[in-house]
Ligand code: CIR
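Shown below, as structure tokens, is a lone chain in the form predicted on its own; questions about how it binds or moves come after it.
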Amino acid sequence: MPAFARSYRFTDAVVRKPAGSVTEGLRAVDIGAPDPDALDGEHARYISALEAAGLSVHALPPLEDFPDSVFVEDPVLCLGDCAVLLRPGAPSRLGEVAAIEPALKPLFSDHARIDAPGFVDGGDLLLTERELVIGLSRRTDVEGARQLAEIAAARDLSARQVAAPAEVLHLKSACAVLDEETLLVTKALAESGVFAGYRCLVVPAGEDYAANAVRVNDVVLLSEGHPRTAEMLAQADYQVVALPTVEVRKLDAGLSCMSLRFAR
């Protein structure tokens, strides 16, 4: 296994602590407001898991004006030493980009951005060892994808647009990188053919939420409560760390949303 793999070998992560206003966060399906104290606990466990996997974690202070700002993946994409400032598709989240930009300047030597009128959410972007896959969704449009593909091409990375599954908010709600050739995917995404040429491990029926896993160095972070997915990954020789996501899930989010992971 290589010492460097841009899609899952990392040295650092940026996170943002949840704001008290997180109870007002966006949710496509309302299954109740998150409990701020419980969400703080889930977030602390998440940080501990990143540190245990070998990452230096840069924790930013909460932003009360932006209830969804704990999900730092959506306003930024890390492409090697380049921080791409995105343009989230939800109007209430546009201000998060300017808020996080100062923290990124000392961490990245290269910077780029998506300009109006394009929209791109980080949750729709899957970076593999071969390419950047851009999911067109309710939060990522064709113009944003076009701009991002140009940014990637200027850094010798090919980009490809696909349709995010209709039943999910973001592309990465239904898939995750496991290694150079392998993805964890939902059955619907596997059957769509968008990842032809990859080895796809399909999450068992009833455990689709587990597809939003995160490979971090030698471990796979997985949402708790998905025993068959955990067993499948263990049998495929992946080291699984299960983390609680009860409160995070109430905000249409998952494990990948809560950090920007990169290598320095």
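As the structure is a computational prediction, the values presented were derived from the model and not from experiment. Note that residue numbering begins at 1 and tracks the sequence as displayed.
Although it is not shown, the form predicted in complex with the ligand is what the next lines describe.
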| query | finding |
| --- | --- |
| Heavy atom within 4.5 Å of the ligand in the predicted bound form - residue from A236, V219, L201, L26 | L26 |
| 4.5 Å heavy atom contact with the ligand in the predicted bound form for all of G123, R139 and C257 | yes |
| Segment assignment from 151 to 159, 105 to 113, 69 to 77, 183 to 191: heavy atom within 4.5 Å of the ligand in the predicted bound form | 69 to 77 |
| 4.5 Å heavy atom contact, V133 and the ligand in the predicted bound form | no |
| The ligand contact at L169 in the predicted bound form, heavy atom, 4.5 Å | yes |
| Interface membership of V14, the ligand in the predicted bound form, 4.5 Å heavy atom rule | no |
| The ligand contact at A19 in the predicted bound form, heavy atom, 4.5 Å | no |
| Within 228 to 249, the residues that have a heavy atom no more than 4.5 Å from the ligand in the predicted bound form | none |
